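Structure 1 and structure 2, given next as structure tokens, are two forms of the same protein chain, each shown alone.
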Structure 1
């Protein structure tokens, strides 16, 4: 399965010398459904993004701050959540013999980690540690745009005059343009359950939407509360202004 190492490649490549001095262009801004005061997550995109994560990203990356039960907030039924969780094994125990054991994940478990420990993760990825993706879109301003740009920014050939170091790949939007992570996405890498064409562009948008939700699953509740608070303050301000005029009406 394709490796999906996003942040680990940064630490691996930034120390490679002056070849990484080139400045990457600003990622193009995307029309994310969840942007803005009234923005919400596209439920269909979230489902597709979860599919991309589980079939591509989960081979290397954990999502340790998100629990399977949280999927209920984006429209998954209890049975669907159980089915998603059962696809992964988690360590549990000790049992009556004092030994640890593995079992299928449950809705009450956090998303399963692909590796038992950090050392195993590094050993499987040529020394690079695949970071947890729970808050990946919050790692920098405009994180959603940057993540999407990197995922679609691979080029088969570097521009003339640019020499790509051995073991690295040219990426238009990665700092220095050279990245250790192989292209994680390819057309038709997954078969979407809803029949959507699985292009690199589509998969990148979907998995980025899913990771944006993972980083802030209560965003919609926060926005709703904020709107209610603003409406309350507007009404309260109008009432206080009317009261002030009433109290001071006899003075003039």
Structure 2
């Protein structure tokens, strides 16, 4: 009983909801395009993922650490970035009359938040705070596998013996199994520009790829530089070893 209450309380305040390790099954590993030493973000998946974020997630979740201009690093042109930004309204000001005003977002703005503040976000979501998604894949145990598992982990009916509280939803992979977020994805919830069929599975993989990029936009640079650096260091270390042997040869 105590665990049940704890789980429910956790689900309610999933603002900073953390892994309740004992409860949820380990999310299955997916074959992400960015896995491994040479992995890079699938550009088409990123574009689709941005579309899913914009059309679905952005209704509740902010992405405040990502700026529209950052899209440039994954191949968006300046015009495309302006077009993405224009879809969002941001508050600016004060103007010369001392008034705040709204205007379409610019590339130099961070992704616009759907709510003016945390309290408003909570109020609009029956007390549950939809967390910012900027570093979400790094902020949960299991990372992108977990995110995907939760997005596709909704079940229409809870298993026998599990009672789901009013206003919560059963999710196989969410710690405590009761999540305040309604199932966000349904087949054909978006119409992909590139004609890909928008299944829940597809959208989930795409948006998770996008969020993995959002959490670490420098990942590709990191891996590229890493390979070069380690190869260089390997050569240098081998040379140092040879020199060490040579220097010490007269001691042994």
Partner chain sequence: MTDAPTAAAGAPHEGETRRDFLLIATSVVGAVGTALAVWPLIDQMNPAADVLALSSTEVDLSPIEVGQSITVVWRGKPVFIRRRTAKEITRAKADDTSDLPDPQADADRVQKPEWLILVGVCTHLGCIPLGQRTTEPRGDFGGWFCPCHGSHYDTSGRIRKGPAPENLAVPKYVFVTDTKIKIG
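Given the structure is predicted, the values throughout are model-derived calculations rather than measurements. Residue numbers count along the first chain shown, from 1. Under this definition, the rigid core comprises the largest set of C-alpha atoms superposing within 1.5 Å between the forms.
- The form predicted on its own is represented by structure 1; structure 2 is the other form.
- Annotation for residue 229: C-alpha shift under 2 angstroms between the two structures, rigid core superposed.
- The two forms line up on their rigid core, and residue 241 then has its Cα shifted by 4.9 Å between the two structures.
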